[in-house]
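Shown below, as structure tokens, is a lone chain in the form predicted alone; questions about how it binds or moves come after it.
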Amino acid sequence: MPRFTAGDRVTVLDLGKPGHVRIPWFIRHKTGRIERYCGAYPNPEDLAFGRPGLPAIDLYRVHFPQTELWPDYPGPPGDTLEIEVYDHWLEPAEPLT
């Protein structure tokens, strides 16, 4: 059962893992919304080292406003970025106040 559903606010963690981890630095510590659940897949961080990557990990497409990623973003305020993030890199976002 996926931990998050479409519309949930999530924050991307910085797990401090070295090497190719599929999580760009510019989304770490940033908050976005789950756009959709993509399914469960073997962990690519393990696959890269020849391990089986099991158990499979839930993968989500996360939606970020560009201005959340880059506060000085010069483009239109409605520009967005969507990126796929594995569950272990996500935590529920702090509630809006």
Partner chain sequence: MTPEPIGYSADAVDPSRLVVEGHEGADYYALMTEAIHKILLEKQVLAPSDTDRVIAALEAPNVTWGARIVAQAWKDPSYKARLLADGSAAAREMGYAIKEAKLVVVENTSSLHNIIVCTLCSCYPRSLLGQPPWWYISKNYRARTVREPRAVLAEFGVAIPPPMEVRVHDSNADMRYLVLPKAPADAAERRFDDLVRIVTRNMMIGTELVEPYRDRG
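Model, not experiment: these values are computed from the prediction. Numbering follows the first chain given and starts at 1.
The discussion below concerns the form predicted in complex with its partner chain, not included here.
K.L.:
Could you tell me if R61 has a non-hydrogen atom within 4.5 Å of its partner chain in the model of the complex?
P.N.:
Heavy-atom contact with its partner chain at 4.5 Å: present for R61.
K.L.:
Taking its partner chain as it sits in the model of the complex, is I83 in contact with it (heavy atom to heavy atom, 4.5 Å or less)?
P.N.:
Close contact exists here: in the model of the complex, I83 approaches its partner chain to within 4.5 Å, heavy atoms only.
K.L.:
Indicate whether its partner chain has at least one heavy atom within 4.5 Å of a heavy atom of C38 in the model of the complex.
P.N.:
Contact with its partner chain, yes.
K.L.:
With the partner left out here, check for me: in the model of the complex, does some heavy atom of K17 sit within 4.5 Å of its partner chain?
P.N.:
Yes.
K.L.:
Using a 4.5 Å heavy atom cutoff, which residues in 24-38 contact its partner chain in the model of the complex? It's fine if the answer is none.
P.N.:
Contacts from 24-38: P24, W25, F26, R28, H29, R36, C38.
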